[in-house]
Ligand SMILES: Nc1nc2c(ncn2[C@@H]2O[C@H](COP(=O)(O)OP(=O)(O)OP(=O)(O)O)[C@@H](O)[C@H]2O)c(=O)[nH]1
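Next comes just one chain, in structure tokens: the form predicted alone.
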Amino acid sequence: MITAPVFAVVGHPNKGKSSVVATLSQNDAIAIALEPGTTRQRQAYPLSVDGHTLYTLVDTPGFQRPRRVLEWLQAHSVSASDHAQTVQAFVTQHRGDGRFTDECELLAPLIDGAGIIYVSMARCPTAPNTKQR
């Protein structure tokens, strides 16, 4: 039996992660708001066709303290081969620490093997709109 891939949709707050998940999972019930912080817990949304799950997207809260998390990860990692264990250690150590609630929710699917879809700004074009004169 082939397991459908799982992708964590990650990024900074209010950049359109939930909008991307709603579109790609074809789920109009996903909460989308203009205020940052609408998504507080990770939530999985499978896309199924004819009873078969093609993939699952995990909507996650946004990074609240990305620099602090990166500094911790860099300080506790010895080499590239231990990055997965270092992320696991961060979540284990900081679960229940209110400062890193969103980061622990965001990183948990990655520990479980999810791929990453990084959303930088879903509402804006990727290139500046230039006018020719």
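Being a predicted model, the structure only gives us computed values, none of them experimental. So that there is no doubt, residue numbering starts at 1 and follows the sequence shown.
The protein also exists as the form predicted together with the ligand; that form is not presented, and the subsequent description refers to it.
When the contact criterion is heavy atoms within 4.5 Å, does T38 count as touching the ligand in the predicted complex?
T38: yes, in contact with the ligand in the predicted complex.
Examine A89 and determine whether its closest non-hydrogen atom to the ligand in the predicted complex is within 4.5 angstroms.
Result no; A89 lies far from the ligand in the predicted complex.
Since only the chain is shown here, I'm wondering whether S18 would be in contact with the ligand in the predicted complex (any heavy atom pair within 4.5 Å).
Yes - in the predicted complex, heavy atoms of S18 and the ligand come within 4.5 Å of each other.
Taking 4.5 angstroms as the cut-off for heavy atoms, does I32 touch the ligand in the predicted complex?
I32: yes, in contact with the ligand in the predicted complex.
Just to confirm the contact call: exactly one of 90-98, 76-84, 103-111, 38-46 touches the ligand in the predicted complex at a 4.5 Å heavy atom cutoff, so which is it?
Selected stretch: 38-46.
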